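Okay, so here's just one chain, in structure tokens, the form predicted on its own.
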């Protein structure tokens, strides 16, 4: 007879993770897998998710979406003053802080919680330290479901980031139970235990429901820009972490026919900091939208809390840039003081990148900053910078290139110093192929089928010949 404690031990629970997640989300992912590593992503999205019109109807019934598109005249004027003659693209901002929970993640949560209610679950669970927890809690309250949010909140000294603690307050305001943990591998373990013990729905960011929920954002951007300018935007800049934001936005733009719009991912440069490190946990100023999530999730999407992630950013990304922490804080102040819009810093990652990119693009071009988020007590600049100082981080004005993640935050001494630093997409795509082949192929690389090679080409946006060269040399 198995001891109950043994059954709840870390190794035992982790062995049951696929079984637990399958019960908690109602999707048989195996039905979309083939051969050794193949995964029919598009069939899963068609058969499991909702159509764009269904997503919009679900969201409208919950007061989600249809957020304003705002022309940023004064920030555009500033970019043009700093640009060479004829340069300085027009900036537009999609104000997602207007959603009920204060961020674009209400779109994901609306569809996920709707699905939970439809399938008869009594409650929902989400593992998140960010805005998604508030979004799920808000939607669960609207649907009359119970809600548990699991947060990675503290380091081993009991210190919690102001932004994460702010999110906990917001979740509790919507009636959710918040389980706060210290940094480390226990987050996923505790999440699985809660799912198994409660029988609640896994309202994961990475299900087809969550990604389909973001498609409405891409569609609205296309529709609003066509109405305002007579054409689709030249570029849309998406803050990138786990990849769902970018994936869903790109899919929505494509469904409206905006195929020529460039999809640009943007993350805060936190290179050198390990997200699961107790030492590094409180040495960063952003809980999401940074390279600590953006790079590993892009090159290995299925590291998420479902067996197969519906967020596949490298399928859609045309370029990927990074900005510095100080640049994001600087642009948060600029947005408030030049445009009269006070928004949370993490949601301004895409704005910082877009401002820098605008200085390199023609005046005739248009760039959409794809999201904003609400601001509140722990999300203001001052509590975040004060917390950084308490953790030994140097804060000063200077050149952003001098910033060292975990040691300093350098605010630009002049807006002309703003940069969008390109990452090498070819190398990221190569790493994705290598990870999928060498980390997951059960039969070895020599046994990959033609269909699997085609799958890898779709994942990486390489040709089949290029994929074969990576695998076989």
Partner chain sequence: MTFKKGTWIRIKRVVMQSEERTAQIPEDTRRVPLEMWVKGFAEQDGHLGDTICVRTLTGRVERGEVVEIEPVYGHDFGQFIPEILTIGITLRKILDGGEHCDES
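Numbering follows the first chain given and starts at 1. Since the structure is predicted, the reported quantities are computational estimates derived from the model, not experimental observations.
What comes next is about the form predicted in complex with the partner chain, which is not displayed.
A heavy atom within 4.5 Å of the partner chain in the model of the complex is found for exactly one of 141, 393, 365, 381: 381. The partner is absent here; in the model of the complex, the one residue of 231, 279, 303, 118 having a heavy atom within 4.5 Å of the partner chain is 279. Figure note: of the listed segments 384-392, 246-254, 203-211, 222-230, the one touching the partner chain in the model of the complex, with heavy atoms no more than 4.5 Å away, is 384-392.
Of the heavy atoms in residue 184, some are within 4.5 Å of the partner chain in the model of the complex. Not displayed here, the partner chain is approached by residue 415 to within 4.5 Å at the level of heavy atoms in the model of the complex. Contact annotation: residue 402 falls outside 4.5 Å of the partner chain in the model of the complex, judged by heavy atom distances. Contact between residue 320 and the partner chain in the model of the complex is not found at the 4.5 Å heavy atom cutoff. Contact residues in stretch 161-178 (any heavy atom within 4.5 Å of the partner chain, taken in the model of the complex) are 162, 165, 166, 169, 172, 175, 176, 177, 178.
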